[in-house]
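Included below are structure tokens for two forms of one protein chain, each presented in isolation as structure 1 and structure 2.
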Structure 1
Amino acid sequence: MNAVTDFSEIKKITMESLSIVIENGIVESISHRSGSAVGVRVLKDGVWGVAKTTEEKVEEGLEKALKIASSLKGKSKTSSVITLGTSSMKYVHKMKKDPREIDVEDKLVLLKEIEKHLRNKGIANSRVIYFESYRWVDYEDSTGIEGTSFVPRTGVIVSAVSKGNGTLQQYSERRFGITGFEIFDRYDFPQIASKTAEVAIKLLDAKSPPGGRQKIVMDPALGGVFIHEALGHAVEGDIVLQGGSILEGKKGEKIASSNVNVYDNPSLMEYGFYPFDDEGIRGEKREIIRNGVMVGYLTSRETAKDLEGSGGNGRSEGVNTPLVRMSNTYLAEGDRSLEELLEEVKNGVFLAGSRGGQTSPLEGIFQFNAEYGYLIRKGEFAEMLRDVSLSGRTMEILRNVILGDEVKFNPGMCGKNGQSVPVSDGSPYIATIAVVGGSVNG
């Protein structure tokens, strides 16, 4: 295939997973999944042809991809990709305790025990979700890069719905990792479950926040979502080149205060880890903001060409076409303790956790809903808040942040163009000024 194409790659992905849901004391579901798929991508005369196929139909897939590239010639945009030296990469993650060697019976006993800690007076629904998943990748391209990898992911979500005061409230905690069954040694899940139930019950009595622009403190979970959603998506090379980012053309400019440093690092053993991306490029730390100056975008093989990047962030769900994606994205720490940040704010709102969020990278605006919060009065936590939302202009926030002294990572799944990939977001506590929503009358 080298002779007829500018670039081509074949990638086989094999997946296996087991998931267990325990709900209200009983097994809700146990599901096992397995499967494989082959992705073929060719760039011929600057035109992409892509086929997603099966192991038995690799030849057919290659033919289809070439046919698409030929038919599109002259009718589509022409592309080019960066190429690197040849290399052969192999990564097999070693688990301390391989979940596949542990009986499903024993997993059920363990999970039911954790679930008991959620069941509390005032809890209407309690749920523990467990999953273990394995991803094998075999990658080969026309530039002489070969890679094989095996990466396991294991995780637990505990979730409680409380009932009272004419409302239902939900709270959940999750711990995921690039890990095997040793995740149960790392975290005290019964204690996490008890705390989850407690928060869900407290939310029944929580108040709406005062609305409007004010001083706030975000916890690392919400801070991480802010960095991922509000800044991270705006530095994804494909969005930048599509003209969809407020940060287009901002490389080299000071866009944030000098204490702001932001990185994306797939080599960290956090949930967004990968040894090489889905275009065969080794996963390495990328600088996004250094001392407030925008220094680089995240790129794939194709977007790297126009943005002077070096690729390494081309990721796909299954064998879909790789998109520019984040991995473990984080805002590096400052030097303040939480107490000092609260003292700095004096009177304002503390926001914790995230029910997700979304942004318009072009307009540089964001909106997130926190899971809960507290009023800050005289530099201390006061009444608990619920239905707290946060919105603002990303660049205004980044020019005015005071940072806590420890980064914490939170795992999650990030969706883009219908593809979902594992990521983690990291941040210290952040003090800033933003618009808090909830009740306008508040």
Structure 2
Amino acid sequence: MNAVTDFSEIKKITMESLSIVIENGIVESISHRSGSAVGVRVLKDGVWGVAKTTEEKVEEGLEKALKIASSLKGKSKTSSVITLGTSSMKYVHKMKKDPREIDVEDKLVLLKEIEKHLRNKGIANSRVIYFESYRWVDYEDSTGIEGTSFVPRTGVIVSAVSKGNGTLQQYSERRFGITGFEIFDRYDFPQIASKTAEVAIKLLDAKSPPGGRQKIVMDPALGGVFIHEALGHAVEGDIVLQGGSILEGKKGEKIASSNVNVYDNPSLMEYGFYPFDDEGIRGEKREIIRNGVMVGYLTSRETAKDLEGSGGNGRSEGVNTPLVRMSNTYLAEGDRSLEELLEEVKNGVFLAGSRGGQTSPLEGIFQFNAEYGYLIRKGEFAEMLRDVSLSGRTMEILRNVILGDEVKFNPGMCGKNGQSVPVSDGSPYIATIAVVGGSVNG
């Protein structure tokens, strides 16, 4: 490491992946990718220099990064980073069944069998997507931290599009994990595919939701999206320091009901797992909200200095510059069963799953689209609903929630500034009040 820098780091990332797409019984694509890259960063006089290099030319890469930092002096915002004690970390995930040892033809036979269960009367399009990926990381920095890790990820998405009554309706299910081919032992994918087709067909006869502000129950999938999108991005340190969050300056204030506890925990064996982040800080559970009080932000080495954080959420796609990112972010459980929540609501709307949406961390407002829903009548499920939207104000929702007694996680990919990383969000069932089928101000 270069002694003339304030801080420097070297990171090598090696990736390998395979994806298979089967649509309507036809193999649409089989894609295999692999490669590696080395990235270096140096901090000199409060200015970052970043460069990509190779294993053979690391020293040259560090010199290049140092020159970049020197050339930007006076033109770039002054930075400083937290430093930690010397440590050595090693994590290698053990797979019960290594997908790389299974022939592609055998995988195709299995996936085609799953896809058959999607093809039902009324289904116009059926699709199965399979992927496996592997990430090796070698990290070292000038403070004496060294880390090596190997993390595999495997997943399956099943999707069905139904046609009838002059409309098309889509429904999908996905199962991802920090796992190998044993994911097929963990989940009954033919059964999941059959259920997916059934829901897609039922959506053809589903009703439109009643609009307006009303009592609702969110399932864990939609509740997790709310926690990730509406709250999680608002506590990312870089967004806070850029003045883009409604939660700026709220540390120590009561912002939610006393039953609300929110965490980000990369050490959980969920899809956002990592043993250490892309700045060499060990992945550990971090509190965001404790008993309704805002207790901390998610931070990187740099943002931790200004926000009194501990870092650990600096993540990057490949060897790009780390950004403050979530990992496994979740709202902790309460003490109510789903039946008790439905009884509490009496009459309202149940919303399940997510088809995306939008949120503004600065304004604290959100709008999400559920995959489907049900009317709640006299504390029980009634007619099925489709094209259900949900909108509201983040802080208002957090102050008015009744929480279910079991947290469930849902995996996905989160994009930010052109970089995408694996995450998982979790939530129990949530009863609250929000606007259904309308705008925030509706």
Partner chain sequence: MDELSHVIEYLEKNASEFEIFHQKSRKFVAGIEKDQIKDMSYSWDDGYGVRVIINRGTGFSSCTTRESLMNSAKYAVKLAKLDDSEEAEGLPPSERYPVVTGTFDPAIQSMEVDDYVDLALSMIHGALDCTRDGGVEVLSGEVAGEINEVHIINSNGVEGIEKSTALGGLVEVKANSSTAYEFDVSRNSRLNFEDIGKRAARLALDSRNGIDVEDGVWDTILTPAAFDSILANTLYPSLSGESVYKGRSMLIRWLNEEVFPGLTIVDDGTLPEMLFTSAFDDEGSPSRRTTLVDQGVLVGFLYDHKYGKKSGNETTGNAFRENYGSQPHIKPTNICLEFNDITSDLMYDSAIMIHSFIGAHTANAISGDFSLEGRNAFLVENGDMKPLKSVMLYGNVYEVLKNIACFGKDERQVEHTISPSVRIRGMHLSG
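Throughout, residue numbering runs from 1 along the sequence of structure 1. For the two forms, the rigid core is made up of the largest set of C-alpha atoms that agree within 1.5 Å on superposition. As the structure is a prediction and not an experimental result, all values here were calculated from the model.
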item: Structure that is the form predicted on its own (1 or 2); value: 2
item: Core fit, then residue 52 C-alpha moves 2 Å or more between the two structures; value: yes
